[in-house]
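First, one chain by itself: the form predicted on its own, in structure tokens.
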Amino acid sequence: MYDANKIIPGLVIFVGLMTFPIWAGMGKAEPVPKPKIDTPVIKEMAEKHCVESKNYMADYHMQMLITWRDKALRDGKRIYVSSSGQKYNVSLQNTCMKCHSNKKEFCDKCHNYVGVKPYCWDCHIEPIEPKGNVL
């Protein structure tokens, strides 16, 4: 083998550098965030419920919001009938953010954890949260 004394150490160094992020980060995973849902509106609710179940919303909220957007803007359908039969206005700001007004603690925590930047606030007005420990 030609120049084996250069090729083999070069391959070892290459493999080490390419796999460094994997083995350097082992065991250092951040805990999954728990979004806070203790907003004033939610605290006042006698029966705490969302438009769909908690598990459904955790898994499919973005698909639901995209469907809501398409139905409202393209088809003019602004009423959503949940799986329980309740009717809700199709509105991010007036339905979702009415209860989940703590964007930093509710939305941003999970989105930052998974590394996504939703484009909701490109069109919608970002909610202004009270300063200090009001919640």
Partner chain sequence: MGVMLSLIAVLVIVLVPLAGSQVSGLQYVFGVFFPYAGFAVLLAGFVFKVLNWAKSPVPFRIPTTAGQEFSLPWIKQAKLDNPSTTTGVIGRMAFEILAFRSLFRNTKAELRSGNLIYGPAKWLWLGALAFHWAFFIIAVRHLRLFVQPIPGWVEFLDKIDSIMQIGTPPVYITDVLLIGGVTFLLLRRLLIPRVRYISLPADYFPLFLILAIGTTGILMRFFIRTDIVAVKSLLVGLATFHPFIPKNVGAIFFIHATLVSVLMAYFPFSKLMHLGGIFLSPTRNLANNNRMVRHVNPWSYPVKVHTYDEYEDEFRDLMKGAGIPVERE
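For clarity, a rigid core is taken as the largest C-alpha set superposing within 1.5 Å between two forms. What you see is a predicted model; the values in this text were computed from it and never measured. Positions refer to the first chain, counted from 1.
Absent from the display: the form predicted together with the partner chain. The rest refers to it.
**Student:** Given the stretches 97-105, 57-65, 38-46, 81-89, which is the single one in contact with the partner chain in the predicted complex, using a heavy atom cutoff of 4.5 Å?
**Tutor:** Of the options, only 57-65 has residues within 4.5 Å of the partner.
**Student:** Please determine whether Pro9 contacts the partner chain in the predicted complex, using a 4.5 Å cut-off between heavy atoms.
**Tutor:** Outside the cut-off, so no.
**Student:** Can any non-hydrogen atom of Cys50 be found within 4.5 angstroms of the partner chain in the predicted complex?
**Tutor:** Output for Cys50 is no: heavy atoms all beyond 4.5 Å of the partner chain.
**Student:** Would Met18 count as a contact of the partner chain in the predicted complex, using a 4.5 angstroms cut-off between non-hydrogen atoms?
**Tutor:** Yes - in the predicted complex, heavy atoms of Met18 and the partner chain come within 4.5 Å of each other.
**Student:** Can Ala72 be called a contact residue for the partner chain in the predicted complex at 4.5 Å between heavy atoms?
**Tutor:** No, Ala72 sits far enough from the partner chain in the predicted complex that none of its heavy atoms falls within 4.5 Å.
**Student:** Pull the contact list for 103-119: residues with a heavy atom within 4.5 Å of the partner chain in the predicted complex, in sequence order.
**Tutor:** Counting only heavy atoms within 4.5 Å of the partner chain in the predicted complex, the contacting residues of 103-119 are Cys110, Asn112, Tyr113, Val114, Gly115, Val116, Lys117, Tyr119.
**Student:** Taking the rigid core as reference, does the Cα of Asn112 move 2 Å or more between this form and the one not shown?
**Tutor:** No, the C-alpha moves less than 2 Å.
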